[in-house]
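Only one chain is given next, in structure tokens, and it is the form predicted alone.
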Amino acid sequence: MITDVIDHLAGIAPGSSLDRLRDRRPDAREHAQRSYDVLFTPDDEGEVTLVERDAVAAFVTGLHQDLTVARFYADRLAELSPGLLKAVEYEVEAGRATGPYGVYAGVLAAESEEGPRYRASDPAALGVRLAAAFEHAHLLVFRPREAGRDALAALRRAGWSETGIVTLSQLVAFLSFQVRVITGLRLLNQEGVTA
């Protein structure tokens, strides 16, 4: 059993300098793990199934192009729904981009870059809810400034409740945070940072 998923995915060994470094912020470490636990092993699935959670995780981490983290979530999905994994992997390839993107006015106009707009390539393989979730997740990863009423309305039309939308958004935010923390810890390890 994994007791700290960030340590596991970043390759942090107990007692190592990075382990000691993370121990300096015990609350941050604990809250990150608790967030993972609540989102991926909840006592009650509520309005977002475990399969949907792991499918979104495999998609989002695949978009971030961190192979270790993406494989971790893909393996979790494969345990619950092996047939869905192939469709998710296909969507990761279809949605791959670099971002961030968006068209802005005023002082932000110089940051404008149109970029691709993702739509699920095979909605039938994903189902209506998951196709909408992937489109929303892609928006949050690559076009966060454009997430608004229209995006939320699309989720509602696909059968997502307010609570489900909040959970979905929390998943995407947590996964983006997790990938960045793991990337940072790996870089510190490469640089030989000691605690």
Partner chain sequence: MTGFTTDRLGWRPWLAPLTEEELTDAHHEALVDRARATSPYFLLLARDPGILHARTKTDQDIFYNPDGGLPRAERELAATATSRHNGCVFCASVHARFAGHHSKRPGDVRRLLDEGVSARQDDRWRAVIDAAVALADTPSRLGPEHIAALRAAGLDDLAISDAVHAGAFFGWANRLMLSLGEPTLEDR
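Only a predicted model underlies this, so the values are computations on that prediction, with no experimental measurement involved. Residue numbers count along the first chain shown, from 1.
Keep in mind the form predicted together with the partner chain is missing from the figure; the text below concerns it.
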- line: Heavy atom within 4.5 Å of the partner chain in the predicted bound form, from candidates 147, 128, 50, 154, belongs to 147
field: Interface membership of residue 63, the partner chain in the predicted bound form, 4.5 Å heavy atom rule
entry: yes
message: Is residue 5 part of the interface with the partner chain in the predicted bound form - any heavy atom within 4.5 Å?
response: no
message: I'd like to check something about residue 39: if you look in the predicted bound form, is any of its heavy atoms closer than or equal to 4.5 Å to a heavy atom of the partner chain?
response: yes
- request: Indicate whether the partner chain has at least one heavy atom within 4.5 Å of a heavy atom of residue 104 in the predicted bound form.
  value: yes
field: 167, 177 and 184 each touching the partner chain in the predicted bound form (heavy atom, 4.5 Å)
entry: yes
message: With the partner chain taken in the predicted bound form, which residues across 66-100 come within 4.5 angstroms through any non-hydrogen atom?
response: 97, 98, 99, 100
